[in-house]
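Coming up is one lone chain in structure tokens, specifically the form predicted on its own.
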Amino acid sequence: MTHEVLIIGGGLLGCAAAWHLARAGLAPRLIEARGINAGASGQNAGSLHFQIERRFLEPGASGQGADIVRLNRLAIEEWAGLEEQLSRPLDIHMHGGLMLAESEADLALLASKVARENELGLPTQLLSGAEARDLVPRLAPHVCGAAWLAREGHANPRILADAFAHAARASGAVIETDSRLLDLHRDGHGWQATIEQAGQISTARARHVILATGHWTARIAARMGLNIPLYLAPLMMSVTDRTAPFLPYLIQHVGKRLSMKQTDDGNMVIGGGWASAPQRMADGMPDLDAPPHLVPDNLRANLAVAASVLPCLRGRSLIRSWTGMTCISADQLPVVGQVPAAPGLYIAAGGSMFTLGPLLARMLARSIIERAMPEEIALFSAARFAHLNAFVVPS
């Protein structure tokens, strides 16, 4: 049997793409080696961060920054409509986000950032320290200002991919878990996949294949002789014991790695991009199936940054820290779309895959349906790395 689209990977992006393709009548088949949402989609901290990052304010990045803001504005609308579209609660909270400054230099950077965002149509506001403490009275006295965006927030990463998978099945998608990809190669004008499921080996053919396999993407592509510049990013997050609700907003920092939010149950979730360490196999290569090791020094540093801006955390108990593995590209932007050297093969991996995931999944599905890359995500096109495969003949 030949499928129109075969999706490899049952995380947020794969399941959301399956839903959009199924709604368009393409009846995709999705295979997942473990369970739905078993990877980075379910292990991240769930931040919905739409303010632009510091690096996009550097000289020469103005055009890129404009594209990022336009995409973030679309992502805001995407998240705002998800619960209605999927007809179920998803623990999406978009009550606002604060990016904090602890020094005059931080504050000056925030001021230039806010001015640039306003020029590009993102309605951030620059707040004084007093105004920030009006919103969050427990902020430290030395916090001297913040950038505020009213529609930032957070969502529950443990339930979103499952919601998309359920909707995709209801729309005609076939979703199979415990189905491991053993081989993928060109087969005439399409692709042939070898799949292991419950000890049985089978093949599947497809006109289009989506690799939504997170940190596995570069290794799978390498088996076909393709060079995709994606690199491991093992991270860690933590959660405290419960306390009475006091923080309805997302908290980040302009100059330090930090994200914080409070769950509906009162727990504080703390992260912000601090590294963990991958486990190693016998040959010294990172074990992509094993959870990374926690790095105690990084954990202490992460918690210190959090407590410096929110001193009340010093009275809380840390009940769990966990690690997860994602990947980033050579230029730290997501890589989305068809690989020029391998017609019919699409990838979607890299940074911001939770915040931008629902939007990118819709755009990726659209690129298959319409046979053209949507202009909105051209910045992320896999074609920007086409030179790495100039001498490759995909196997």
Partner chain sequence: MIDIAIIGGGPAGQAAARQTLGAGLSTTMIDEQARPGGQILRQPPAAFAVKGWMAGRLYRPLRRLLAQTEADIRLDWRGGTSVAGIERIEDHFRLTLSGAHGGTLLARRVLIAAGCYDMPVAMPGWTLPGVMSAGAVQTLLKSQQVVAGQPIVLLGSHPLLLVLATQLLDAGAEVAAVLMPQTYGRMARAVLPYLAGAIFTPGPLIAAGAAMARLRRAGVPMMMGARPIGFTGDGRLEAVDYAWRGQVQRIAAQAAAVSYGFLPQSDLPRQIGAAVRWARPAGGWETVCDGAMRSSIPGLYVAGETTGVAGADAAMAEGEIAGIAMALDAGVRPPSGMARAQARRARLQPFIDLLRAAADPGEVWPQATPETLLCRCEDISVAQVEATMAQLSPMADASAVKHRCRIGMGLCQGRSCEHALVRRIAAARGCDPDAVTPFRMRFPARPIPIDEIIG
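Residue numbers count along the first chain shown, from 1. Quantities reported herein were computed from a predicted structural model and do not represent experimental measurements.
A second form of this protein, the form predicted together with the partner chain, is not displayed here; the remarks below concern that form.
Participant: Note which of 82, 75, 126, 307 lies within 4.5 Å of the partner chain in the predicted bound form, where distance is taken over heavy atoms; exactly one does.
Facilitator: So the residue touching the partner chain in the predicted bound form, by this definition, is 307.
Participant: Looking at 158, 95, 223, 205 here, can you tell me which has any non-hydrogen atom within 4.5 angstroms of the partner chain in the predicted bound form?
Facilitator: Of 158, 95, 223, 205, the residue with a heavy atom within 4.5 Å of the partner chain in the predicted bound form is 158.
Participant: Using a 4.5 Å heavy atom cut-off, which stretch among 208-216, 250-258, 289-297, 110-118 contacts the partner chain in the predicted bound form?
Facilitator: It is 289-297 that comes within 4.5 Å of the partner.
Participant: Give a yes or no for residue 192: in the predicted bound form, does one of its heavy atoms lie within 4.5 Å of a heavy atom belonging to the partner chain?
Facilitator: Residue 192 lies outside the contact set for the partner chain.
Participant: Within 4.5 Å, heavy atoms only: does residue 40 come near the partner chain in the predicted bound form?
Facilitator: Taking the distances in the predicted bound form, the answer for residue 40 is no, it never comes within 4.5 Å of the partner chain.
Participant: Report whether the minimum heavy atom distance between residue 265 and the partner chain in the predicted bound form is within 4.5 Å.
Facilitator: Judged by the heavy-atom cut-off of 4.5 Å, residue 265 is in contact with the partner chain in the predicted bound form.
Participant: Using heavy atoms and a 4.5 Å limit, would one call residue 104 a contact residue for the partner chain in the predicted bound form?
Facilitator: Answer no; every heavy atom of residue 104 is more than 4.5 Å from the partner chain in the predicted bound form.
Participant: Quick one: name the residues from 207-245 with any non-hydrogen atom within 4.5 angstroms of the partner chain in the predicted bound form.
Facilitator: Read in sequence order, the residues that approach the partner chain (within 4.5 Å, in the predicted bound form) are 240, 241, 242.
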